[in-house]
Ligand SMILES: Cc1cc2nc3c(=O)[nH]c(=O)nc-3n(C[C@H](O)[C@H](O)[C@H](O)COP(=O)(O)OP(=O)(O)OC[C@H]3O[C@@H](n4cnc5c(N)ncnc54)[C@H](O)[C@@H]3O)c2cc1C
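A single chain, nothing else alongside it, follows as structure tokens in the form predicted alone.
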């Protein structure tokens, strides 16, 4: 499918990309989002939708999924399209504009803002062959609705933030909750680990260190497993654990994919930009966690600032008569005020 040409195409539908979409509409530019994931929100939706965020301006505390909802509502004011499940596989130039090519569609665009976060990413899968047939049938590496696990016996495999965040989040929903990790060293925030350990001490949860998945046990013809077998990596012994659900929280693998071939300066999966968010290739800008520059902080808060800079510069590049500095939104005619 060949889509209508847009002034800006934003690669990535995470918080930075969603804000960039709003900002482009505010500047009177036609824009769209193209994202490989199935829904908006990026890592917020895919990895920790229930987690509270405390450092977004104007919100003392806001759940990640609510922040995504608010960003979508903000961008929706300008009725700009968002295309999900679209992995970019190529970039062409024709008739003075770019064409982003995905596996199924073509997206003509005058400028590009890359807000791809850590690139296209996917959860790291369990290495044990016994796990593969159970993905989607009891093994879930993404949690989108924690209520789906209410009353379930849940086993989380991993030792990072996601493992302990979900361990804490599911305490009051799951019938039982256990975390399994190959060592006694964790990559999670100390406060979250302490909170889960307190639940273990209170008999509300279990923690199995120096253990790994060894097998899954299912009654013949049932189509579901009832137990998992854990292997003690030190003692080389095994034990069975009741389980309805296994949540592998092993991190994720990311890939900049075809963007690596676009002639941008990319090091360690980061696009190096200048203070105008320019990538070095005219008409292509970048913003958010995907960029590197002196003093860069990988935060949602700074991603919003990057997005504003990138969009303003891109709009000026497409329409040189439009100022880079848009002025104050409270004075804009697009919001019903007198345009200064």
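Computed from a prediction, not measured in an experiment: that's the story for all the values here. Positions refer to the first chain, counted from 1.
The form predicted in complex with the named molecule exists for this protein as well; it is not shown, and the discussion that follows is about that form.
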query: Contact test in the predicted complex: residue 298 vs the named molecule, heavy atoms, 4.5 Å; finding: yes
query: Any non-hydrogen atom of residue 113 within 4.5 angstroms of the named molecule in the predicted complex; finding: no
query: Residue 91 within 4.5 Å of the named molecule in the predicted complex, heavy atoms; finding: no
query: Proximity of residue 86 to the named molecule in the predicted complex, heavy atoms at 4.5 Å; finding: yes
query: The named molecule in the predicted complex: contacting segment from 24-32, 271-279, 40-48, 308-316, heavy atom within 4.5 Å; finding: 40-48
query: Candidate from 247, 82, 118, 243 lying within 4.5 Å of the named molecule in the predicted complex - any heavy atom; finding: 118
query: Proximity to the named molecule in the predicted complex, single hit among 188, 259, 131, 266 (heavy atom within 4.5 Å); finding: 259
query: Stretch 210-238 - residues with a heavy atom within 4.5 Å of the named molecule in the predicted complex; finding: none
